[in-house]
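Only one chain comes next, encoded as C-alpha cells, the form predicted alone.
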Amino acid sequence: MDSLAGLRFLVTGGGGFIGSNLVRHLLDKGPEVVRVLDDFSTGRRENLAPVASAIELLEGDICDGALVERAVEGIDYVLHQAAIPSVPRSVEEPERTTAVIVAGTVTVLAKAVRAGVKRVVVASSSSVYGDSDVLPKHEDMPLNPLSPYAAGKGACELLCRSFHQVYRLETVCLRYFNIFGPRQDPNSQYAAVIPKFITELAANRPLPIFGDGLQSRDFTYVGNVVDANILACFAQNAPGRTFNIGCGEQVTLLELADVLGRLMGCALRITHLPSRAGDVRHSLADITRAREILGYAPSVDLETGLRRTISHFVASKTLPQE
C-alpha cells in the first residue's frame, strides 16, 4: 500500500528489532498516528531515537491493562510484536517468558475489543511446529512446541482464534521464520545466529555452532516481514487465520557461515558446541497461503538481505574491532 494517510497504528514492542523496522516503514507511508508501546526490557531506545519526534511513545508493561487501554485508544490497527524473543531464554526463564507472551497478548486482544480496533496482527513463530520431519511446514500441521517460547506463541494463536470467533475481533497471526536484518541485537547472550556470526567474523573469532551445523533454517530478511504485516492489516480473507512468513528456502548453518565469510572477506573458523534444548533440526516455510490470501511475496533474498545487514552493522559501528 502506497499511503496509510488518515490511519492510526499501534506497534507493541516497537523498540525491538522487528518492531522498530515496522515503525520506520509505517512513518514512511504517512499515517495519522504511529504509537509505540514498549518497556525496553529487550527493545532498545536507540532503535527509535531517529524517529522519536514522529511517534507517540508509551513506556511500560504489555501486561498492564490500564496502560494497554490507553495505548489502543483511537487506534485502527495493532501490530503486536511485544514478547521476550528467545527460545534459549525461555528455557531458562519459562515463567517470565510465558507471562509476557500469553498474558500480554490476551490483554492486548481484550482491550482492542473494547476500543473498537479494526484488526490486530500478531507475531507468532515457526517454533510452534517443533521438530517434525515434514518439510516444508504448512499451517495445517499439528503444533508440537519444544520450548516455553514456542508453547506461548501457540497459545497466542489459539487466543486470537477464540477472540475472532467470540468477539468478532479481526485477528491475523504471522508465523515468522528466522528473521534477520538491521537493528537486530548482536551483543545479547541470546543473539540470533546471523548477528552473532557477523559479530564473530568481524572480531576474527571462530563461529559458534550448536551441533553439527547441518541443521537448516528459512532465513527471512526483516523487510519481507514488514511487508507481510502491512498486507495482513488489509487482506480481505485474512481474519481468523494464521500464515507462514518466510522465504521458502532452506539453508544450513554451515552454508550460512560460508556465505557470510565470503561477503565479509573473512577467514572461516568454526567451533562446534553441544546442541541446545528446544532447538529444532530443520525449518522451511510453505508460503502458499500467504501468497494467495495476503498477496505476500518475499522481495529480498538471503544474500541481498545479508549484504544490507552487514552494511547496517558497519555503518552503525556496532561491530567489534579486531
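Counting begins at 1, following the sequence as shown. Here the structure is a predicted model, which is why all the values come from computation and not from measurement.
This next part talks about the form predicted in complex with a small molecule, which is not shown.
Trainee: Quick one: which of 59-67, 256-264, 25-33, 282-290 gets within 4.5 Å of the small molecule in the predicted bound form, going by heavy atoms?
Mentor: Of the options, only 59-67 has residues within 4.5 Å of the partner.
Trainee: Of Leu231, Ile179, Ala71, Ile194, which residue is found within 4.5 angstroms of the small molecule in the predicted bound form when only non-hydrogen atoms are counted?
Mentor: The option sitting close enough to the partner is Ile179.
Trainee: Looking at Ala82, Cys173, Ile198, Leu79 here, can you tell me which has any non-hydrogen atom within 4.5 angstroms of the small molecule in the predicted bound form?
Mentor: Contact with the small molecule in the predicted bound form is made by Ala82 alone.
Trainee: May I ask you to check whether Ser147 falls inside a 4.5 Å heavy atom distance of the small molecule in the predicted bound form?
Mentor: It does not: once the small molecule is placed as it appears in the predicted bound form, Ser147 has no heavy atom within 4.5 Å of it.
Trainee: Contact between Ser124 and the small molecule in the predicted bound form at 4.5 Å, heavy atoms?
Mentor: Looking in the predicted bound form, residue contacts with the small molecule include Ser124, since a heavy atom lies within 4.5 Å.
Trainee: My question is simply whether Phe17 lines the interface with the small molecule in the predicted bound form - judged by any non-hydrogen atom within 4.5 Å.
Mentor: Yes - in the predicted bound form, heavy atoms of Phe17 and the small molecule come within 4.5 Å of each other.
Trainee: Might Ala238 be said to contact the small molecule in the predicted bound form, defining contact as any heavy atom within 4.5 Å?
Mentor: Looking in the predicted bound form, residue contacts with the small molecule do not include Ala238, since no heavy atom lies within 4.5 Å.
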